[in-house]
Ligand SMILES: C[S@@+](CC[C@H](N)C(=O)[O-])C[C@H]1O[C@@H](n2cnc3c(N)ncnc32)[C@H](O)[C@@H]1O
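Shown next as structure tokens: one chain only, the form predicted on its own.
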């Protein structure tokens, strides 16, 4: 079991209580007002004044939050997620909203040769901890990518204060049930797995540059006692 495959169990629980998204929304219509879509809306017209016949790919699409928003704008969109349950729920949301989009359950790190005018990081990148997985992400990105990812803040006490989490050297470690076949590590005497990579602002910008992109614009949203959220647009260097 890879460390990010535990998300399928989370989506099973979300579906069981009748919610339509990771953050507990009740109806498909509410997806359009999600904070990530509101952030995209601020600049998408600048980068894509015409959206018809433009192809977009949503990485870590979950239950279709961004995929369906972009489809509603006129993009031809594909959404990918590791969780089969999330994809099942995304298709249910697609039906409810009467939109066209393609969803596929797969391991992003196994994909190749994707073609798109726009790629979107739907809070996926911070879920990719290993360096080779993160390099694969950037390899798959199109010339223009929207980024929505966690960034280390000075005070992350609400997150790190949780009993099952530990943050060290940019990695958020987590405990988990013994039935998970994880790559377990001994961290301060506890059996833990790599759960998230939460880079510093400087470290993330250097990583973008190292992978052949330039940052066009970005903002840091401060979340009290939690990681910041970096929201921005990056462009592949020619």
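The model shown is predicted, which means the values in this text are computed figures rather than measured ones. Positions refer to the first chain, counted from 1.
The same protein has a further form, the form predicted in complex with this ligand, not shown here; the description that follows concerns it.
Fill in: One residue of 141, 147, 89, 124 in contact with this ligand, assessed in the model of the complex (non-hydrogen atom, 4.5 angstroms)
By the 4.5 Å criterion, the partner-contacting residue is 124.
Fill in: Partner-contacting position among 99, 73, 165, 108 - heavy atom within 4.5 Å of this ligand in the model of the complex
Going through each option in turn, the one that passes is 108.
Practice prompt. Could you confirm whether residue 119 comes within 4.5 Å of this ligand in the model of the complex, counting heavy atoms only?
Written response: No, no contact at 4.5 Å.
Worksheet item: Just to confirm, residue 151 within 4.5 Å of this ligand in the model of the complex by heavy atoms?
Response: No, no contact at 4.5 Å.
Worksheet item: Closest heavy atom of residue 34 to this ligand in the model of the complex, within 4.5 Å or not?
Response: Heavy-atom contact with this ligand at 4.5 Å: present for residue 34.
Worksheet entry | Close approach of residue 93 to this ligand in the model of the complex, 4.5 Å, heavy atom | No, residue 93 is distant from the partner.
Worksheet item: Which of 60-68, 172-180, 47-55, 205-213 has heavy atoms within 4.5 Å of this ligand in the model of the complex?
Response: Answer to the contact question: 60-68.
Worksheet item: Quick one: in the model of the complex, does every one of 137, 218 and 234 get a heavy atom within 4.5 Å of this ligand?
Response: Per the other structure, none of 137, 218 and 234 touch this ligand.
Discussion item. Within 4.5 Å of this ligand in the model of the complex, counting any non-hydrogen atom, which residues from 5-34 show up?
Written reply: Residues within 4.5 Å: 7, 11, 22, 34.
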